[in-house]
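Take a look at this one chain, the form predicted alone, written out in structure tokens.
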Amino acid sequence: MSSVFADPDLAGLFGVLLVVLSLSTLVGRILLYKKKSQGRSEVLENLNQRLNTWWLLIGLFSLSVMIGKHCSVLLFAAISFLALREFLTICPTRKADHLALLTGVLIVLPCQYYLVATGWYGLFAIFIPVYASVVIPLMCAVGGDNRDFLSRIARIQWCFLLCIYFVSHAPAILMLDLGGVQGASVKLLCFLAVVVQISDVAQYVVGKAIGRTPLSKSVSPNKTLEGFVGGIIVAGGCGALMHGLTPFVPVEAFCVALLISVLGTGGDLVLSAVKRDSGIKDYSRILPGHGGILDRVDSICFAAPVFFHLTRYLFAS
């Protein structure tokens, strides 16, 4: 457990996160205390809720990294389960779909993460896109309900791809052999997680500060072009600074971080479009100040698969 944080790069990363979060929490508390006396504290209360939740999220992630690979896999399996639950609550389904949905929760999800835990890349990469995508529509067809059949199976299969397959690529980074360097895959997972979240936060801050041009007004009215550009540049710079966590040189780390940020924003926009279509603001209220699990991992959903395969192709042994 202690050997992970004996690595100076990881210890430095989590040390910086701890300092930044502590200072942010202190400033948030002070501002909230001052504003409460003036009766205008709703925004700051939300900010402090977000910071409290960040303590929980970073704590859980740090603990899973310290304990080891299988704990990280279990953490992301739990994330997939909760994300699946949130997505299915907004998807109209019929009685004939219940067996397929139950199969997804009880068989597809645990099997996918078992393949991650055992490092069985060949089957991991095709299990859901091929085998689950054949079995699930067959189960729905056997149910004998033809009404909206195509749209129903499309929603179910997209749900499994998004919430299980895409998310599982984050812990799958731990199966990569990066030249036999001990702990290299753990640091790479931390690089992905931190860059994605820095991009989200930076886009929000820059957008609030100087944002004027909506990125996609009908889909995500609070996102701005200025925030997007500023956010990915900040994330790219942070990625370059964190190149020691990766097999990349600083320029490569900068470019990869930019790619991750762009893909993460794409995931955010797609999941926002789903919310707008469903007439909801958040997928749930499980994370105070953030919304649901899908509201927090939407960026990971799109960034993790591309990052995993890119790194595996270019750097894995």
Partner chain sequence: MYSQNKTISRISSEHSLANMIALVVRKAFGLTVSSKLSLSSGAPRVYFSNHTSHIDFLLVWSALPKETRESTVAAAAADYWCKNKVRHWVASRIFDSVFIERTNIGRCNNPVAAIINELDSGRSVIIFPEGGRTEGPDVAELKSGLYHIARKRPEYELVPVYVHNANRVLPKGVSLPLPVMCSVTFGEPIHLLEDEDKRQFGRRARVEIEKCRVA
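If you're wondering where the values come from, they're calculated on a predicted model, not measured in any experiment. Numbering follows the first chain given and starts at 1.
Separately, the form predicted in complex with its partner chain exists; it is not shown, and the next lines address it.
Listed residues 88, 176, 238, 75 were compared with its partner chain in the predicted complex; 88 is the one with a heavy atom within 4.5 Å. A single residue from the set 130, 71, 105, 209 has any heavy atom within 4.5 angstroms of its partner chain in the predicted complex; that residue is 105. Just one listed stretch, out of 26-34, 283-291, 49-57, 254-262, contacts its partner chain in the predicted complex at the 4.5 Å heavy atom level, and that stretch is 283-291. Site residues 201, 217 and 228 are none of them in contact with its partner chain in the predicted complex, judged by any heavy atom within 4.5 Å. Although the partner is absent here, residue 93 sits close enough that one of its heavy atoms falls within 4.5 Å of its partner chain in the predicted complex.
Residue 101 belongs to the set of residues with a heavy atom inside 4.5 Å of its partner chain in the predicted complex. Although the partner is absent from this view, residue 81 contacts its partner chain in the predicted complex, with a non-hydrogen atom inside 4.5 angstroms. Residues from 201-222 do not approach its partner chain in the predicted complex: none has a non-hydrogen atom within 4.5 Å of it.
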